[in-house]
Ligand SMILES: Cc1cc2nc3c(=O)[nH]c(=O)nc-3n(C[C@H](O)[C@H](O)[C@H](O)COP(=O)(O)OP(=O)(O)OC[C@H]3O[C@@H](n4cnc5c(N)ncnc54)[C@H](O)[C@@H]3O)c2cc1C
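Only one chain is included here, represented as C-alpha cells and corresponding to the form predicted on its own.
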C-alpha cells in the first residue's frame, strides 16, 4: 500500500471542509476495518485520510425525548455493552454480535458498516425494521432521511464526497418494539451472511400491527419487504399467515448465484428465516 497523508481535524466542520477541498482523493477514516483493506487492494486515486474517529459530534449513544441516538462512530463493542441498547434495541445488539471477530467489533463502527454498504451488512436489517433514520452532514448543512433511502447500490450510498454520516436515530415509539434478528452464514463466526433477516411487530386486539421485515444479502442493497408487511398488517398471528408472509418475502427478493450459495438455496433460507424471525417477534409480543 502506498504512502498516504493523514489529517486529524478538530471538528466535524473541519472534516467536511477537508473532504470538500480534496474531493475524490480523500476518504474519511473511522474504525478502518473495511477502508484499510480496500486501500491495500485497490487504492485508486486516494491520497489523504481524514480521521473522524475522535470527533465528539459522531460519538455517543443516548436516549432523548425523540428516541435513541447512536453516533456513527459508535463501535459494535460499545453497542453490545450499552444498557439502553441491551434493553430497548436487542435486535441491534444481536446483529452487532455477528459482525466479524472480537477485534473487528472493538474497532469497527456501525456508521462504517452502513457507509461501506455491502448487501450483506448485518446492522442494516435490524435498524430498518425499527424505522431508523440517518443524519448526513455536508457543506450545505445537515439532512435526515429513512435509512433505506441511504442505500443506492452495492457499496454505494447517497453520500457525496464532502458528506459524512453523523448518527442513526431510532424513533422513541419503536424502542422496545418486539423484534428479532437472525443471520445465516457458512460458519458461526467471521462469515458474510448468506441471508440476514430482521422483523418487528406489535399485537393489538389480537391482530398484527406495524409489521416490519428487512433482509440483507438477497438484493443489491438491504431491503424492506413491503408486500409481506402489507399482507400481515391487521391479520391474526396465525401460523398460516406467517408462512404466507415468508413466501411473499421470497418473491420480493433477488438473490444471486455465487461461490458461497445458489440463488435457489438462498430462497429457501429467506422463507425459513423470515418465518423464524416473525415467529420469534410474535412470541416476544405475546409475552410482553
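Residue numbers count along the first chain shown, from 1. Keep in mind it's a predicted model, so treat the numbers as computed, not measured.
Unshown form predicted together with the named molecule; subsequent notes refer to it.
Heavy atoms within 4.5 Å of the named molecule in the predicted complex are found in one stretch of 108-116, 140-148, 204-212, 77-85, which is 108-116. Site residues 92, 174 and 236 are none of them in contact with the named molecule in the predicted complex, judged by any heavy atom within 4.5 Å. Although the partner is absent here, residue 67 sits far enough away that none of its heavy atoms falls within 4.5 Å of the named molecule in the predicted complex. Although the partner is absent here, residue 73 lies within 4.5 Å of the named molecule in the predicted complex, judged by heavy atoms. Looking at residue 180, you'd find every heavy atom of it more than 4.5 angstroms from the named molecule in the predicted complex. By the criterion of a heavy atom within 4.5 Å, residue 185 is excluded from the residues contacting the named molecule in the predicted complex.
Of the residues given (248, 261, 219, 35), 35 alone sits with a heavy atom within 4.5 Å of the named molecule in the predicted complex. A single residue from the set 165, 195, 200, 132 has any heavy atom within 4.5 angstroms of the named molecule in the predicted complex; that residue is 165. Shown here without the named molecule, the chain has 27, 28, 29, 30, 31, 32, 33, 34, 35 in 21-35 lying with a heavy atom within 4.5 Å of that partner in the predicted complex.
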